[in-house]
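Only one chain comes next, encoded as structure tokens, the form predicted on its own.
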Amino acid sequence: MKEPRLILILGDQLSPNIAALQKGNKDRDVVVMAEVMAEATYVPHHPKKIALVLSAMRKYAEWLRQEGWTVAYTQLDDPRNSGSITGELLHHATNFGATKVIATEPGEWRLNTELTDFPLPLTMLPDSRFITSTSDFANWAKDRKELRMEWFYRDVRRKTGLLMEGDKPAGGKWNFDSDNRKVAPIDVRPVPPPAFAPDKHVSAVLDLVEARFAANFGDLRPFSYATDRDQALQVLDHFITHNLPHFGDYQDVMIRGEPTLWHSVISPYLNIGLLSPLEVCARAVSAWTLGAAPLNAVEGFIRQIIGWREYVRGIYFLKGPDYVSSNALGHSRKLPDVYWGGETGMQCMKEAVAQARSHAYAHHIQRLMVTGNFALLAGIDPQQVHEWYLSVYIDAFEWVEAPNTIGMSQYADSGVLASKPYVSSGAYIARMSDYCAGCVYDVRAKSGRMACPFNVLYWHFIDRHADQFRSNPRMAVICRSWENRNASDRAQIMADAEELLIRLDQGEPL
């Protein structure tokens, strides 16, 4: 009989059809899965994120054994645990007499490099769970002056046939974003996603995480996330039935006390492999076909998955491991304590950070236009912002998080990903949320100590980067608007912003 090979399955590769598993042989090969401190501590992950991944790994390993696989599984508290993926591979290679390893391409450069340098022969397979491979994306990007998501998204629509009528988009438009910025009426409220009581696997993991990661930012309990494929499918079914019909209209809304709103909250399950992108999109399109959800909702939803999600992964691998170090605006301010729950009078920041602490979750507008917007306006070091997002959100893995933070949120890549910085004054937050009603600052005030910090920081940001922004057609008009304002008004706003930033640098709560 041929010697066994090791089949490596990582904690975000928990799919029944993952590439490495497809190349394996149940009769001879050994699946290796390992809970290791190197993966649990490269940033201070939210305890709920650690609990999700470890719980899902243990349940996936049990499924593999039921399917007839031999599984070598190392738990985090095993005294023989080497602490790293490569260490566990070498340990099991010795135990089983294996000299070859099959792996699926990891989603982070850090692990990619580690496995590339592995001392045994290792076959690295492309991750076929994505619609667009990294090489296909590189070919798409070749010789393009601008790598805009909209053009990529249209090509993926054509490739998959999703929401296509022949060679034309359903409804005659590719993008229904203009229909998706409504404010939710008081009598329309979402139905929260299903909550799952911890089973024996999850309960054991929660005790372990509580013992090992109690100092990490975030509340571990209560824990109610899905931790296996059947549960993840229930979350998807719930969204399609209850919240997809309103998703398009209200996807940008923020409401106090409503952490999930009309969002699917399936990103953690997509990103660790419990759901696949095409099955999710097919369910949404089916709802539209049956008249159960409007086209603007379904198009907006699938654009997040086959457009944005695939696109940011392509950018991450196209730009290489140095992408996360981008800092085109030269921002260097330390991440303020408010991001870790420090005192603040800013109700929007308080709400977003408290939600991250409790749920390890925020939807895209909270991430982009509250926590991300403030960091960009205040000139926070983008690497610190990147590490914060990677730490606190349950769905954050570097391939998806880094481009969203470095490129979309912080404009640190100088426009590779976004055509302009995503910044706004407090007016946007006031329009799309009820946060301002409970804030100590006045969102209507343009200057003064009690003016909304977003208002004064917005123009300070425009002023300090005006030379760079004048060449951007979408920003030049804003620069001209600032330069044409009354000189005394400009001086007052700049003075207020400088005073606010001094307080921030001194560690004073805003």
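Numbers follow the displayed sequence, beginning with 1. Keep in mind the model is a prediction, meaning the values are calculated, not measured.
Just so you know, the form predicted together with a small molecule exists too; it's not on screen, but the next bit is about it.
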Which single stretch, out of 257-265, 323-331, 153-161, 195-203, brings residue heavy atoms within 4.5 Å of the small molecule in the predicted complex? 257-265
Note: exactly one of W140, W340, W308, F118 sits with a heavy atom within 4.5 Å of the small molecule in the predicted complex, namely W308
Note: exactly one of F247, W288, F223, Y411 sits with a heavy atom within 4.5 Å of the small molecule in the predicted complex, namely F247
Is there any non-hydrogen atom of F130 lying within 4.5 Å of the small molecule in the predicted complex? no
Classify N296 as contacting or not contacting the small molecule in the predicted complex by the rule of any non-hydrogen atom within 4.5 angstroms, answering yes or no. no
Report whether the minimum heavy atom distance between T405 and the small molecule in the predicted complex is within 4.5 Å. yes
Residue-level contact is defined here as any heavy atom of the residue lying within 4.5 Å of the small molecule in the predicted complex; does S82 satisfy this criterion? no
